[in-house]
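Take a look at this single chain in structure tokens; it is the form predicted alone.
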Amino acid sequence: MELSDNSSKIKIIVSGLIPFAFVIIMMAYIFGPGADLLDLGIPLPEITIEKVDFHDSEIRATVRNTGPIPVEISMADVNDRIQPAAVEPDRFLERFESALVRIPFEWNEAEPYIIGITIGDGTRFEKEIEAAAPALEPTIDLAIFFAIIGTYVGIIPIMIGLLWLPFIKKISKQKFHFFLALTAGLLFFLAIDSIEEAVDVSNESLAGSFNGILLIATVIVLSFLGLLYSGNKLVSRANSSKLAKPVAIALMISIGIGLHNFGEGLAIGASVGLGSVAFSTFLIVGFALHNTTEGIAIAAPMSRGKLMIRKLAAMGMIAGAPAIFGAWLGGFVYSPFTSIIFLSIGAGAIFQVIIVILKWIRDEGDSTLSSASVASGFAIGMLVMYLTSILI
């Protein structure tokens, strides 16, 4: 009997592997003996200037080979004038390999520059810098500066938003549904905002070979599915553990907002480092006001449980503190690829939290999610976020 079962399992495994074997054979033939039968065209070289740093009497450009064939860096120019340059570690780049091009140049702060790189076949690639700014050097003072900025735009506004908790605790069930829907509206706007920022970074700095839009969509879906599974596990265990359901949902909201604020911190740090955005007090005030509404999103589900100040403060830190880490990472080691990844994860996490909130409203009696309180709450949530975003 056991031999029969083992034999049937082996047959199932073999039947599943046979198609894969034929796929491998087919691909090996296409790119091997059968390559002459296919007109694959002429592969074109491509490089991407990922980053430009301005140091004392020197411009440093980080270049990556993002094309299908190896390339050789032959020369560099600044504003179409050829300049002597050194390439580290060497001029020859295999696919996806990067190099540092060091150009001795007396640049002036706040002036625009176009950095050009020409490869062996004469093709020139360029990157425009709107306003030159000295590259940031990791120092304790600068790290403290970013921590203060992250606290201003992340932690303090969310803590202020949490102060609405006593008010939300005293309202009726219908008005409570309004605030839950308001939370969903706020979060939906944040998710769209995250996607827009990721697309902007992709268009400005990511090589076309990485398929930025598809990368964003893939990461959003994967993070959504992963967090949906873990979120359901967290809520299902809440009833049988010390962790109450409102706390579990508020925790998920905090994590989603935290991922979004991490991306926000990345943008702030990168803007300071690249000198591409007028970083002013007005900008900080705009972010702070915008993020105050995120505290309401955490306070709404927590209002149906006991008042737990320590847990509430912990939620605020989970949601706000990532802005500090994002500012450090964005300012000192900015990477467009990681920026897109984190912004997309944030969007996926927020979409998952919205599903949980709407499910909660439905379980509490509003089965169609079409009542006036839900519809108006969702709409007002998005409207509030839009109006506060205008200040940024």
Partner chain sequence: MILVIFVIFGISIIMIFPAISEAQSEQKTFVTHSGAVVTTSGEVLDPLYTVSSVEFDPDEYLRNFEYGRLSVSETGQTIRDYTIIAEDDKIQEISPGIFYNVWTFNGTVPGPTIRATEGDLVRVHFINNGSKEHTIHFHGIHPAGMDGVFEPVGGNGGQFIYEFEAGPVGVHPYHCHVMPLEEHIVHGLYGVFIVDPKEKRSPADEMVMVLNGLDTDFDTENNFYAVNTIPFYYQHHPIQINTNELIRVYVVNMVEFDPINNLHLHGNLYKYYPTGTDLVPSFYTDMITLSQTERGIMEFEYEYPGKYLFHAHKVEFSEKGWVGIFLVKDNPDKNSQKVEYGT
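On a predicted model such as this, the values are computed, not experimentally measured, just so you know. Positions refer to the first chain, counted from 1.
Below, we turn to the form predicted in complex with its partner chain, even though it does not appear here.
Only one of 138, 166, 104, 134 comes within 4.5 Å of its partner chain in the predicted bound form through a heavy atom, and that residue is 104. The partner is absent here, but in the predicted bound form a heavy atom of 80, alone among 80, 130, 204, 109, sits within 4.5 Å of its partner chain. Look at 356-364, 320-328, 22-30, 66-74: in the predicted bound form, residues with non-hydrogen atoms within 4.5 angstroms of its partner chain sit in 66-74. Contact with its partner chain in the predicted bound form, defined as a heavy atom within 4.5 Å, is made by all three of 85, 335 and 341. Shown alone here, residue 200 lies farther than 4.5 Å from its partner chain in the predicted bound form, counting heavy atoms only. Using a 4.5 Å cutoff between non-hydrogen atoms, residue 173 does not count as a contact of its partner chain in the predicted bound form.
Interface residue remark: residue 151 is not counted as part of the site for its partner chain in the predicted bound form, having no heavy atom within 4.5 Å. Residue contact check for residue 119: one or more of its heavy atoms lie within 4.5 Å of its partner chain in the predicted bound form.
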